[in-house]
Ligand SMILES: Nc1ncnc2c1ncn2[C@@H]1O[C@H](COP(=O)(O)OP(=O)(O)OP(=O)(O)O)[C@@H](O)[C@H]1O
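First, one chain by itself in structure tokens, the form predicted alone.
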């Protein structure tokens, strides 16, 4: 099973937003892909608040299926798993999760508190054996970033010297709020409403699906 970890030790960094929308995309991808007909998409919520599972419980039955995963023993060999990690993730718990995944996406919000916490986490990630040996690949996504703002400028300055792939910046929009209330991803909203968001998501999609063809 192809596993993607969404991780940042800081609460409110956008982990659940990224996790649920990525799971929503993958569910549609699997449903529409002939090569993926036997695959399933799973969401594993390790956060105490269980916001991702609440979102999943609201998901309309007619949409592509996303199944919940509650422990590693349930993990099958074929499909996709999006893992929404808890705040405060570090040390042995981080090392253990990295052994289970192929890719890690780190969401970052452009605030001074978030940047300081994330800087330490990125350093810890870089030192992890799975990352150093190329068994887990790491990328960064800016969350709630509006172009041409001071916050966006500060985030770009922060990311510039970091030797990690920066995939994209996702804007601050009510589309994510609307989708979350309805148990949907933005990929299931009206195309005309989310056209700009689809452009911003494309680098994430390309990176996640790389080597899957």
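Worth saying up front: this structure is predicted, and the values here are computed from it rather than measured. Residue numbers count along the first chain shown, from 1.
The form predicted in complex with this ligand exists for this protein as well; it is not shown, and the discussion that follows is about that form.
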Practice problem: Go through 25-33, 170-178, 153-161, 61-69 and give me the stretch that gets within 4.5 Å of this ligand in the model of the complex, heavy atoms only. | Solution: 170-178
Practice problem: Consider residue 49 of the chain shown here, and say whether it contacts this ligand in the model of the complex, taking contact as heavy atoms within 4.5 Å. | Solution: yes
Quiz item: Within a 4.5 Å heavy atom cut-off, is residue 11 in contact with this ligand in the model of the complex?
Solution: yes
Quiz item: Using heavy atoms and a 4.5 Å limit, would one call residue 184 a contact residue for this ligand in the model of the complex?
Solution: no
Quiz item: Taking the shortest heavy atom distance, is residue 131 within 4.5 Å of this ligand in the model of the complex?
Solution: no
